[in-house]
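Before any questions on how it binds or moves, here is one chain, the form predicted alone, in structure tokens.
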């Protein structure tokens, strides 16, 4: 990795600011004053800024209990974002792995590990998401049967993948999806003549929302949770 890019990746500095530090003689690599920001680093190189060793913190993984009214975006001038809720260093470098609508609550995963994010969100991996759904009308057996076979979401012409539905009471159900189209759960219930009044994501793959987390709270993932996404 190039020296200026490395400094930017492990500090709050931009690459432009990193280059300025190098020009000012504040960066040392292996006891030698760094002369060029284009220097290609090896894993064994030791880099110091103002005498302090720089080390990559490693990849980070968080679960957030998203409350309503928060959007899944890195920044927004009108709404609080999921990133805003995390009080961690370099939070702007985190990616949101699977977004939720502004009024949908529940599990949101965030990471700076792009490959892990891809495994989680790529349609090829068919990672199953679990939602708790409340509807305006009773959920009929016919609706459950249609959802379990796949429905057409207007204006698209292709069926959704089959969903598994567990009825909890007349207007509440758990639904399990292996894809993530735009507003999919709401559109699926609209396709069977019902409307979603509340939606909560409980799990993504084998990662379940920690029941001790209140809306707006977050925690790092446990190693076993990270490893559950293969």
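Quantities reported herein were computed from a predicted structural model and do not represent experimental measurements. Positions refer to the first chain, counted from 1.
The following text describes the form predicted together with a small molecule, which does not appear among the structures shown.
Contact annotation: the small molecule lies within 4.5 Å of heavy atoms from the stretch 93-101 in the model of the complex, the single such stretch among 80-88, 145-153, 93-101, 118-126.
Taking the partner from elsewhere, residue 186 is found to have a heavy atom lying within 4.5 Å of the small molecule in the model of the complex.
Residue contact with the small molecule in the model of the complex: residue 163 places no heavy atom within 4.5 Å of it. Residue 199 belongs to the set of residues with a heavy atom inside 4.5 Å of the small molecule in the model of the complex.
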